[in-house]
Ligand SMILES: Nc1nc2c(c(=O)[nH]1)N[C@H]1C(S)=C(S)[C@@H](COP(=O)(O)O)O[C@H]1N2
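Given as structure tokens, the chain that follows is alone and in the form predicted on its own.
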């Protein structure tokens, strides 16, 4: 296998599962098949014991939903739906705006209140078996290093969760996002590989784990191949401004194309390991559990691990929009975590017929494309639909299989509109 394949999150999870089996077999002195039999027989309990105990205790103890002053920036209902420490962007706020989402409109997904950190005392620790020279970097140290700017999307794994209720009449657990848990920005920072090289990253390094400085110490690993990629950054600026507190000040991780939880905010520590890393966030949380999602044999995770987001589309309209009749220009945006959009189709009659929308430049991979369609709006009730196709050949389906935690909904959504 080419190591570049590990840049794809699902391939990475498969490879680490197989390596996990091999290591357990050696440690226990039995065959890989026997390890698989033992883990399968033990069921979920065996997997649970593999997640670090301290992380599980933190998870059980932390409860920041609804905490006072959980978010630093304005939470104006003109721009957002608010649920506890989370802000979902209202799509109508993007109407007639440019390609990037302004910082003040960018969605917020927090596990707990935004921490207030001081860049003067903040330090980034690089340590672990995968480096030969553990390091500690100050904020000014990072600002003095070579910088890179890229335009990429970050999307919450639960974006679209509410549509499981629409499709199945069953509510998945978690914040009931519509489609506003997505944003595209210009991110500026230091390539992660720059600090890893200064810490003497070893050829034997396998996994890299960034850990947050918030209450939960969120930590989810990525492979060394992804860590060394050109556009994997330690970000300190967003859309040309200092990274806002709600979005990770002083430093956050950017892992383009990977699910939102991998883009750790408020990074304070990075562990580089010569062995696979498993944490609460890739064994118990951010996994797919349901009739159509059998756990991978031999994996320490309780279900299939959530990986790269797929294809989605949204209209730049209020939900339950009320429009006046006449000629209109319908606008929207479509995106994919795995490439760029090649086509968008729009239905004005709830999927009975489809028209191809015009795509507007720019159309960037792992970001999004803006599109529009002429519409002679006549009085009545409508459920507008949009479906996109990306350059990997993925087209949005009518709906996707249910999972208990409500991740990765990428089915076609019906947007209610009334015209008078």
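Bear in mind the structure is a predicted one, so any value in this text is a computation, not a measurement. Numbering follows the first chain given and starts at 1.
Although it is not shown, the form predicted in complex with the named molecule is what the next lines describe.
Although the partner is absent here, residue 332 sits far enough away that none of its heavy atoms falls within 4.5 Å of the named molecule in the predicted complex. Contact annotation: residue 264 falls within 4.5 Å of the named molecule in the predicted complex, judged by heavy atom distances.
Looking at residue 226, you'd find every heavy atom of it more than 4.5 angstroms from the named molecule in the predicted complex.
For the chain shown alone, residue 312 is not a contact residue for the named molecule in the predicted complex, no non-hydrogen atom being within 4.5 angstroms. From the list 226-234, 122-130, 140-148, 209-217, the contact stretch for the named molecule in the predicted complex under a 4.5 Å heavy atom rule is 209-217.
Site annotation in the predicted complex: the residue of 279, 111, 162, 304 reaching within 4.5 Å of the named molecule with a heavy atom is 111. Put simply, of 337, 300, 260, 221 only one has a heavy atom within 4.5 Å of the named molecule in the predicted complex, and it is 260.
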